[in-house]
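This document opens with one chain alone, in structure tokens, the form predicted on its own.
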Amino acid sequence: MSEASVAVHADPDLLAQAVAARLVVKLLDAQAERGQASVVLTGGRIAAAVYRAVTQLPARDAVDWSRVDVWWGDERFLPAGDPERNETQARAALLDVVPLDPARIHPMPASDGPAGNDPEAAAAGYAQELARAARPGNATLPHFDVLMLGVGEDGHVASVFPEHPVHHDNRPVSAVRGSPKPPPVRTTLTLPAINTAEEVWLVAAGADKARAVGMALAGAGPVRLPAAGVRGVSRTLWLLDRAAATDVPPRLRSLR
């Protein structure tokens, strides 16, 4: 697994623009190497800003969007189209703007989907969808070129929360009940699945994230602070604004 590196930008707007530019370059590089690309999306305000920024980049048209697979790291278990779903946010900000192949968009199931109002069945169904797209040599997961994560004030990533039983689930996708943040029922990739991605980007903005970012980079335990347990295979990149970076350990400050 890779060591973490840190990039700091002046404010949330510049952070979103920089992440968007990195994402377009990463997709282009993946398509040049493999003929296709795969991205795992996250939710939240900064993620939505990143997706909107992608649509404003002239270089976005250099990407062959018909050869991009889109997955999600977690989802609120709500009806399709609910404004609180990460899928709904991503479609409005990016996915409905660029010419993606609908068959290559892989949202996590909604509570009114084929699995019904059963998050465990929904998680199992998403695991099956991942397995159908699995890369050679991996029976359960496709290749993820880049997996994006927000970081919660408590250090959670995706819907893996501190001290939550999901930490003991080694399956690639888990149902989450009793989430400390609403809504209480969710589905999520687990840390073992997240850590199969070629690159993992943790994106955080705001002073309310500084303590969790600092603790994660200082080596906190992953059960107490899930963000500390995230590692991409080739790269782990923390993308921060100045407010979120105030507690970055001194040994990493040379990378700012």
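All residue numbers are counted from 1 along the displayed sequence. Remember, predicted model here, so these are calculated numbers, not experimental data.
As for the form predicted in complex with a small molecule, it is not shown, yet the points below apply to it.
- If you check the small molecule in the model of the complex, you find no heavy atom from any of P165, D169 and T190 within 4.5 Å.
- Shown alone, this chain has one stretch from 72-80, 99-107, 120-128, 169-177 that lies within 4.5 Å of the small molecule in the model of the complex by heavy atoms: 72-80.
- Taking non-hydrogen atoms only, S38 never approaches the small molecule to within 4.5 angstroms in the model of the complex.
- A residue is said to contact a partner when one of its heavy atoms sits within 4.5 Å of a partner heavy atom; R135 fails this definition for the small molecule in the model of the complex, lying far away.
- Though the partner is left out of this view, G229 does not reach within 4.5 Å of the small molecule in the model of the complex, counting heavy atoms only.
- Proximity of L147 to the small molecule in the model of the complex: non-hydrogen atoms within 4.5 Å are absent; the residue sits far from the partner.
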